[in-house]
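What follows is one chain in structure tokens, specifically the form predicted alone.
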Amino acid sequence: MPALWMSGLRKRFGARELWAPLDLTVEAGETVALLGANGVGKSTLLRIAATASRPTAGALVVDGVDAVRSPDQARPRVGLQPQDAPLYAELTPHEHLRWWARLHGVAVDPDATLVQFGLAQAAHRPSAVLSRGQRQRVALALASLPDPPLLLLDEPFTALDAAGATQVEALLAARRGRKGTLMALHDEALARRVADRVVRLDRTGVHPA
């Protein structure tokens, strides 16, 4: 069963259609990198896959669930790391993890997770004072819990230092062969190094890269 299946997917904003109807599949255990020019709609495509935005037309299935007809059933099967981490300014990384665990009804060890993502020293600082790289790490930690069948990453390496990039690569490696991952990247060389397959999004749809 694919982690993600899109067929004839369309998205329109007023009279403007982002792309021709597109097809995209991410198999379970597969890591797919999505390339494309700025403004072509990579982030929008990820938001649709996460059920955070509805497609104008077409089919969307997440881990066997029809996400167009039943978005509430599909949503728990997806983890989304948006490009700009939408964190609560007053909450610390530790508090974010505890809140996320309660929201999803899963057991999480916040301290171990913070160590895993290089956030131990920032664990109890309000998100408002964190650096962009630290906020990115928090967003990655939240998206990866509780090990969803489909993980969606929007430029996950942005603002990260070498240690942070290594942690992202470790996260991708741990999911390979088990769970599906779709990530938007702008660096083609990096995409080919960390993904099983690379595709390109343009106005005519999704194509092999």
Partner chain sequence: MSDGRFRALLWKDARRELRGKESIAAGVVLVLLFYVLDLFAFPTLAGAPRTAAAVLWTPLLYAAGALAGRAWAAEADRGTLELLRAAPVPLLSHGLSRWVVNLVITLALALVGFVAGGALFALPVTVEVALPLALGAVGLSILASLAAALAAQARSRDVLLPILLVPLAAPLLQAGIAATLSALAGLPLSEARAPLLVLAAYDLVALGVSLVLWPILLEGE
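Remember, predicted model here, so these are calculated numbers, not experimental data. Numbering follows the first chain given and starts at 1.
Omitted here: the form predicted in complex with the partner chain. The next part is about that form.
Checked against the partner chain in the predicted complex, the residues P110, P76, G118, G133 give one hit for a heavy atom within 4.5 Å, which is P76. L80 belongs to the set of residues with a heavy atom inside 4.5 Å of the partner chain in the predicted complex. Interface membership of R178, defined by any non-hydrogen atom within 4.5 Å of the partner chain in the predicted complex, is ruled out. In the predicted complex, the partner chain sits within 4.5 Å of a heavy atom belonging to R54.
In the predicted complex, A33 stays away from the partner chain, with no heavy atom inside 4.5 Å. Just one listed stretch, out of 5-13, 197-205, 181-189, 20-28, contacts the partner chain in the predicted complex at the 4.5 Å heavy atom level, and that stretch is 5-13. Annotation for 101-139: interface residues with the partner chain in the predicted complex are R102, L103, H104, G105 [heavy atom within 4.5 Å].
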